[in-house]
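To begin, one chain is listed below as structure tokens, in the form predicted alone.
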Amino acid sequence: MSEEKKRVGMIGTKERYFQPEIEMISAGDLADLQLKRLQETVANCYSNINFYKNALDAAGISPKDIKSLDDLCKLPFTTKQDMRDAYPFDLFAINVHDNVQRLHASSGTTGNATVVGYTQQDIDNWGDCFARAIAQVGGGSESILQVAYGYGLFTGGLGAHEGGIRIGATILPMSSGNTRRQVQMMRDFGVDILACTPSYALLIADTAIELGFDPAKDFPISGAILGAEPCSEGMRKEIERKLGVTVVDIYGLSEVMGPGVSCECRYQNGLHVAEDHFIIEIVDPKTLLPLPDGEWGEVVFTTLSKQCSPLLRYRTRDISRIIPGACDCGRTLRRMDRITGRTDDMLIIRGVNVFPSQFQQVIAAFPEVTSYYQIILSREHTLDKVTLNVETVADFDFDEIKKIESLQHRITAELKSNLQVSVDVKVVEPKSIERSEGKAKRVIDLR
């Protein structure tokens, strides 16, 4: 099947929608819907969750004080530590034995896990949000959806699965791992939509090529919904070229719902937020004051439809902005920009704040290297040392020492110019950086 035929559904003039009555809602109707649901959410939190009753009482706010969307700023923030402190079920508005259909949780590697519960209605709403993403990449009820996110406590696999159910697609629940079998099933079953992390999509593409296939020509796959980790524009283009697909970025976090909180459309110019289910704010991470559209800051979400685990003004620590203006796809739901980093996992290197995604953006400009990289943090005496391992493309002449040294020097200079930090760049041979069948481990901190 030619790439042109595969992508005709994505490049045609007719946009595909799953819930046009919501995705193209007027500003006035959306505001009315959000206010109604916000009032219900605050009342639910106040009546059924002691943490929120105490926090609202301390702020001098009651549910009847929420009379307009402008009153949102009166509500207290919620943090991940609040959720950890409430482990396991103290932030549930419903008794875990009453109508709670599913539990998800974080790994808890840095403390108690953050636990989120879902009623059947919560799961249905989640499925609707992910189904919109499937439509936005050109999928529908006739699609075969390969879910290569991990299934389990991580929300990725089951979130994509629910989206497939809601849109009526045929679902191939591969989970992550066994990459050769992923390729075989993708080819043999005629998969047209792939859902996984960007790094795993690239590994699937590279494995297919190693096995002698040209996925862009030989496979019917036409769209990929990728999330859970940063993906530079260079990495996106590499995946699109190797698989012959349109890639859209999907965003979500388990504390708020899971994947589907927002997703790009085929125009790839920002992620449409599911504003019927969430209110997004961008705040200054220092002052916590709301910022106007277009300005970068910390993303804050308030859930509007969650029955079991509602959250008021949850600080995600993710850095983004609201993109002003309308989207060419016709959706009226506002767009957030792709995440550029986080306020709590930024690297502080000799006093300079740097996000791992900034390294990715720099190396994406060098065609001699792939999207596989790893940042090693260590100490040399009392000073921080940063080593960046980058992997060359297959046809790079690794026997030419001068070419290697030149490439290392150019990348080092570009990093110094852009990030204002000194980095020891090591160019390594193809396939020498460990591949991940899930979320790539980009940073190793040995300090």
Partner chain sequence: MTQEGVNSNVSLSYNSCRFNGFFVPLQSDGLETIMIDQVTLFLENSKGRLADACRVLADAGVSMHTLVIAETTDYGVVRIITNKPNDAINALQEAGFRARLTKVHALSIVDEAGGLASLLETFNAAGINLEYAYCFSTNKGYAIDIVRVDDPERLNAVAAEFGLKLLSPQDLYEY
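Positions refer to the first chain, counted from 1. Superpose the two forms; the largest set of C-alphas matching within 1.5 Å is the rigid core. Values in this document were obtained by computation on a predicted structure and should not be read as measured data.
As for the form predicted together with its partner chain, it is not shown, yet the points below apply to it.
With the partner removed from view, which of 395 to 403, 42 to 50, 409 to 417, 29 to 37 is the stretch that lies within 4.5 Å of its partner chain in the predicted complex, judged by heavy atom distances?
-> This holds for exactly one stretch, 395 to 403.
Does at least one non-hydrogen atom of Val427 fall within 4.5 angstroms of its partner chain in the predicted complex?
-> Output for Val427 is yes: heavy atoms within 4.5 Å of its partner chain.
Core-aligned, is the CA shift for Gly168 between this form and the one not shown 2 angstroms or more?
-> No, Gly168 moves less than 2 Å.
Threshold 2 Å Cα movement between this form and the one not shown at Thr197, rigid core reference | Not so; Thr197 is displaced by less than 2 Å.
Is Ile401 one of the residues whose C-alpha moves 2 Å or more between this form and the one not shown after the core fit?
-> It does shift by 2 Å or more.
Are Leu202 and Glu400 closer or farther apart at their Cα atoms in the predicted complex than shown, with the shift being 3 Å or more?
-> Pair moves farther apart in the predicted complex.
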